[in-house]
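Here you'll find one protein chain in two forms, each presented separately as structure tokens under the names structure 1 and structure 2.
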Structure 1
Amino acid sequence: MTLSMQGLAKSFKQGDTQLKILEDLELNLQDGEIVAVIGESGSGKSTLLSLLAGFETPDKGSMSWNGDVTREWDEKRWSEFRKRSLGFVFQNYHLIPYLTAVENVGLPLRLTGVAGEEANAAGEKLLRQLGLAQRADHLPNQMSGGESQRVAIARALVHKPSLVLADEPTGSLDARTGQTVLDLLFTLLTELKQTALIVTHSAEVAARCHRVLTLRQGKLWPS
């Protein structure tokens, strides 16, 4: 999987003015790279993730996945792409409250037509790798924050996506739990040779990535 963003710009209307968030942004990701994006609050990190996932449309510039330019993609194409090719890890987990851990993990597979039994088997395998076999039948409200985030990581990786997008993956955890989750995340990313873009404020998280980029004045700069 290769990702290319060229000359991307995005602004939002604020009252009578246009607030420029991203301007002439360039980004290239290669297969198997783990890249950190750091930057101050309000620098546009969340907007960048939204553009990558097709939730927002750039004002100008181009983005392509494996050479396929996304400018002409409709919402149906984007929806299929997100289901099959993207994995998401959020700061606040975003687990489905009425699904068990194994059902949450298997959800991306079921959304692409994989049978429930097969999806659950894949989910159970990842939960074992993350030390959560005993939590497979537990609901999110029966798990700690660290356990919930490990479930979210398993869910992001179970369908072997082209790219994992992680937004402050340890931001809601205490230092000790965050370290444990971080170790497991990078172990899995490395074992699966997974491409990932991690938005973070943590210098420790950034130091473990292959590259670190700083989002400043609407552009990405090598750190």
Structure 2
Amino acid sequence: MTLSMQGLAKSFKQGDTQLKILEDLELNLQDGEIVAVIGESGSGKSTLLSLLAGFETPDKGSMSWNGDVTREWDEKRWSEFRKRSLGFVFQNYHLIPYLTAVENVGLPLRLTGVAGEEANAAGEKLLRQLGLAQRADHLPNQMSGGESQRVAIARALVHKPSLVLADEPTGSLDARTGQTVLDLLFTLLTELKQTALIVTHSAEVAARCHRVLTLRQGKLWPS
């Protein structure tokens, strides 16, 4: 899947002032490209991912997925896009609190009509690959931060989306677990020729990506 952003701007209103976060931002991703986004805390990385997923609306500029201009999308088109084509790893995981790990992971499949048993089997397989076979029946509040993060990664990959947006996917993992997770993540991304934008503070994650962009002063800069 290709992605293009042109002249993109986003600001937030804070009392009487407008906080300009993104300004005249440009981004072009080729099909199958895996790109890292780095930048200081508060520079707008999560905001950028929110715009790409349609959770936030840009103030200005245009954005297109596979040449399809998203300004013309209604909420129904956006949710179809998220359901079929998008895997999103939230910075704070956003697991559904009343679903077990395996149910959380299987959810994207259930949403596209896959039967429970098949969704659970796919979920269990990914959880096993991420070292969480013993946690499949745990609820989110019965898991550590790093375990929750791996569940969130599995949920973003289970339906083999053509696009993966990941916000600090290894931020809560120790070095060894991080390695295992990165190996699987990059193997899957490459095998499935998925396009991916990965926000990270880790030099190791960035080094594995095809390109690294830095978000600074509202724009993306090559590094």
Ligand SMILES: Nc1ncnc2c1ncn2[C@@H]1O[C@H](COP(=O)(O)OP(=O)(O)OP(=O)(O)O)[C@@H](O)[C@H]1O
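Numbering runs along the sequence of structure 1, starting at 1. Residues that one form lacks are left out of the comparison. Here the rigid core means the biggest group of C-alpha atoms that line up within 1.5 Å when the two forms are laid on top of each other. Quick caveat: nothing in here was measured; it's all calculated off a predicted structure.
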property	result
Identity of the form predicted alone among structures 1 and 2	1
At the hinge of two rigid parts that rotate between structure 1 and structure 2, the residue from 83, 131, 65, 188	83
Smaller rigid segment rotation relative to the larger between structure 1 and structure 2 [°]	17
Once the two forms are fitted on their core, CA shift of residue 125 between structure 1 and structure 2 in Å	5.8
Between structure 1 and structure 2, how far the Cα of residue 113 shifts once the core is aligned, in Å	2.4
Displacement runs between structure 1 and structure 2, C-alpha, 2 Å or more, three or more consecutive residues, core aligned	89 to 107, 113 to 160
